[in-house]
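You are given structure tokens for the same protein chain in two forms, set apart as structure 1 and structure 2.
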Structure 1
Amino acid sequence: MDLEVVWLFVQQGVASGLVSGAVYALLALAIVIVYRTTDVANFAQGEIYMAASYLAFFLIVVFAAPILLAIPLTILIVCGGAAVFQRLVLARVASVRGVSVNLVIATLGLSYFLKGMVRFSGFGDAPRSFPSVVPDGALTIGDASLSYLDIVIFVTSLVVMALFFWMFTFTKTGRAMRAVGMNRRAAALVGISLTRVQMQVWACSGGISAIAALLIAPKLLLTVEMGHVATLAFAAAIVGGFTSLPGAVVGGFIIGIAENLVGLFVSSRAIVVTPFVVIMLVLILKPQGLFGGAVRVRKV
């Protein structure tokens, strides 16, 4: 392989990796924000993403809704559904002592419920194509080629992340979320409603997952098992540091670029093990993740 081909592969791998990494980063953000404010690792994140894709598809096919109406409607429904799940299920589970494992099991229950609902609808029986509003065509950047849809995915993801960090930093709601993430008891003492903030966090997490799903759905075939992409989002969160929101974004891009470079230089079969190799390397060199804080040791 001569240097010209190597340089071409590097450019294409980085460009494609930024696109897929943007989606991983969105899902990792959704996972980390829930974990920071509720101490719950949401194992239903992938299924929320999957269900959002099918919900939009259902609205378009069954109700013949215009795609530009189906998209915001899907985001609103998923936001509401996630908030209702937090209020009706997780809040009740959390009211019982010794609930850490129970909360995780509740999210696993949600993942099976969503899969079951999609299969029950009949839409999950066969892979389906999601319509796209982006015209066909490609743009060449350097020597790399990206479709118009790739450009839309990348730019929209960056806009969503920027809006999220603005909300998290400068709005009253975002500051309340940060306060709950730092110290729940102190936040309650200064008058912040933990119930309201945790519902808002789950709604925000659901909305981000729905946006990620709607962005990537036209590139994939819809299947009930498409939620496995959340594994890569967890990998991104671990690489970046599980409590760091910027780390989740950086981790997503690292995983996306690493996957694409390995696929071009090594083999497409090696792609599946790439995230776990990256995780092991990061954990060996920096156990708390690239942006994680110092490791705290609790003595019993």
Structure 2
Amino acid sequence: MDLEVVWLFVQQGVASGLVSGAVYALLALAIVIVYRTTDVANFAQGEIYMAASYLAFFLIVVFAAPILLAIPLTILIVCGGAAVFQRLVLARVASVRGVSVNLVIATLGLSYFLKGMVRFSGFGDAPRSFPSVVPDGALTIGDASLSYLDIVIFVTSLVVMALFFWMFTFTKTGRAMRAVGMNRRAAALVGISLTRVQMQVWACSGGISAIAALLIAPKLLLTVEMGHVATLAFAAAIVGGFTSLPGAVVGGFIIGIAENLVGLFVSSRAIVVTPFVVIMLVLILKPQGLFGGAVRVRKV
């Protein structure tokens, strides 16, 4: 391969990787905050995102809702749905028996339920395309070309992440979430309501998933199986260490760029398998991920 072509591919791969990586980073953030504060590895993350895409599609296409109404409405409904799931289902599963495996099975149940619902609604039968509000056209940065939609996705993701970190650092709610993530008992002792914080965290995670869905839906076809994207988010979270918020973001970009470079240099068919190879490699070499810290030994 020509050196010039290699350089072009690297630029394009990194640019496109940053865009898709931003979406993976958002979903990985949603996974990580939920895991830190409620100990749940949310295997339904992808399906929440999928259901959010269909909800927005439904509002815009069937109810002909204006975009400016449909977007906040989608985010609100998904926030509420996630909080209700945490309150009604997960809180109970955790109280019966605090085994993480049971929690994982419950989220697998939710993921199947959501898939079934979307199929049942009749929308999931054929792939659908989402109307785009961003004008067509592309921008050239260096030698890489990005569409306007790509730029909007990237910038919005960064803004959402920044808002999120701001909330975590400076607001009372965010600090309560962090406290619960660090030490649940101590947080409860200083007067933080665990029930409320855990619901809020799920609502947040739902909101982030809905935003990710709204951002990337116009780029993809809607299908019931689109929740597969969550495996990339999981890969991102694992690369970052699963409990680290900055780790999730960095992991998202690493996965996004790796995926795009593999697509350009190896073959587009190998893209699908990239996240699994990355997951396996990271888990073998560094079971705690890049930002996961040292292995904690649980003592009796």
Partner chain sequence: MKRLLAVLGVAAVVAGAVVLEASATGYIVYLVNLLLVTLVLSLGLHVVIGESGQFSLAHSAFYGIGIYATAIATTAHWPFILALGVGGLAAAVCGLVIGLLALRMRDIYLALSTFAFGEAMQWVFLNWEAVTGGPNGYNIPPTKLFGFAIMSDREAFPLVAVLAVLFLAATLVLHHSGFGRALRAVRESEIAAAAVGVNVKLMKLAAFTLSALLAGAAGGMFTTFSTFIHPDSLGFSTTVLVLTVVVVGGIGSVWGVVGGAVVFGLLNELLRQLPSYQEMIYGAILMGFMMFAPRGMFAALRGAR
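The term rigid core refers to the most C-alpha atoms you can superpose between the two forms while keeping them within 1.5 Å. Predicted model, so just to flag it, every value in this text is computed and none were measured. Here, a residue number simply tells you its place in the sequence of structure 1, counted from 1.
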The chain seen in the form predicted in complex with the partner chain is the one numbered 2
Superposing on the rigid core, is the Cα displacement of residue 19 between the two structures 2 Å or more?
no
Superposing on the rigid core, do we see a C-alpha displacement of 2 Å or more at residue 277 between the two structures?
yes
Using a rigid core fit, what is the CA shift at residue 286 between the two structures, in angstrom?
2.9
